[in-house]
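Listed next as structure tokens is one chain, alone, in the form predicted alone.
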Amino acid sequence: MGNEVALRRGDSASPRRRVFSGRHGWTIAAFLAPAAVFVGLFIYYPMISGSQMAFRNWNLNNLTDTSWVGFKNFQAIFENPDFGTILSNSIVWVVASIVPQFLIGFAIALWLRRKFRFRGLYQALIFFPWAISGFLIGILFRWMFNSEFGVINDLLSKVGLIDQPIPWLADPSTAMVAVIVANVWYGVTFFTIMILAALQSVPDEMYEAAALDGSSKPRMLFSITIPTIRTTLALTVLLRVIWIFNFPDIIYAMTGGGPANQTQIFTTWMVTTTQRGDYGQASAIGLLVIGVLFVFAAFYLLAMREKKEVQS
């Protein structure tokens, strides 16, 4: 008798399962349709349309012949005498940008983790550059590195480091340095935001226990902080590598890839090729960039999977 009462109570307490009908499916599809159409129209259609251009003779200077040419556009890219320079520039652009961004961003994040007066104001000032357009930052730094009116030459001259103005953006030996300095300034904010968020997950009890054991600050950094947030650090670096490799804004605004292609990277090369009207070769360059980004994206997804396994 008691079991029957319990069973009745259990039946009445259990929630009623909804039957998924075709009407529910059509309702969900109706809500998702605008987003699906938007993504397909403005993302996937241009990608597919641009991809087929890479295998055709698609030049605005001669639209009477848009025949299929196979891998001819890719062959022209690899046989271009500037290909080696652009490849090395792209590697230098990524590596020389990301190392200072990571180190400076890490140091600022450690500093902002401490409690001090006006910390919120300092955070807002440091995070502000990330909200500015990359192209606008390129224009600002182009004026700052101007050989005649730029503030960089003025400061260096006042402290006695130079006797005459340096043509930063016109000299092939200094142009890459100038654009990397601008990119480092811009990207430090991203690392600061991500690392500071990761540092909030490190329990204070771990530092207190290490302090009782007599551990120094550097030892806490390498024994507690970095091991605890290493997955987030790896994800942040991989994500930033993808963005920097695919980020022509600053270079295009400051030098346009010059002088003599000394600041030309793959994405700026794609933009300049498009402006010449050769959409076929520009699309081929774009496909090469996508291929490289897929490799980094695969590493990124593997790191994300490891992070989920650690958290679970």
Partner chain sequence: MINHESATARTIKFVFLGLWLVITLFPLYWIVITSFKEAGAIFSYPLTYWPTTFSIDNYVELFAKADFGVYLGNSILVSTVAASVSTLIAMLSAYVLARFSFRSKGAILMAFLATQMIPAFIALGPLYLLMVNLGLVDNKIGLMLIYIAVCIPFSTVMLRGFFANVPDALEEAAMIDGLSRLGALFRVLVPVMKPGIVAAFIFNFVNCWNELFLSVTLMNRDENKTIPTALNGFISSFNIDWSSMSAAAVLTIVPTMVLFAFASRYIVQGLTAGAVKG
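Numbering follows the first chain given and starts at 1. A quick note: this is a predicted structure, and the numbers were derived from the prediction, not measured. In this text, the rigid core denotes the largest set of C-alpha atoms whose superposition between the two forms falls within 1.5 Å.
Keep in mind that the form predicted in complex with its partner chain is missing from the display, and what follows is about it.
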| Is I43 a contact residue for its partner chain in the model of the complex, using a 4.5 Å heavy atom cut-off? | yes
| query | Can you check whether R113 is within 4.5 Å of its partner chain in the model of the complex, heavy atom basis? | reply | yes
| message | Test of understanding: in the model of the complex, would N59 fall inside 4.5 Å of its partner chain by heavy atoms? | response | no
| message | Taking any heavy atom pair closer than or equal to 4.5 Å as contact, tell me whether F141 reaches its partner chain in the model of the complex. | response | yes
| request: Report yes if all three of V69, A96 and L161 come within 4.5 Å of its partner chain in the model of the complex by some heavy atom, otherwise no. | output: no
| field | in the model of the complex, residues of 283 to 298 near its partner chain [heavy atom within 4.5 Å] | value | S283, G286, L287, V289, I290, L293
| Core-superposed C-alpha of I43 shifting 2 Å or more between the shown form and the other one | no
| message | If the two forms are fitted on the core, does A33 show a Cα displacement reaching 2 angstroms between the shown form and the other one? | response | yes
| message | With a change of at least 3 Å, which way does the C-alpha separation between G84 and Y300 go in the model of the complex: closer or farther? | response | closer
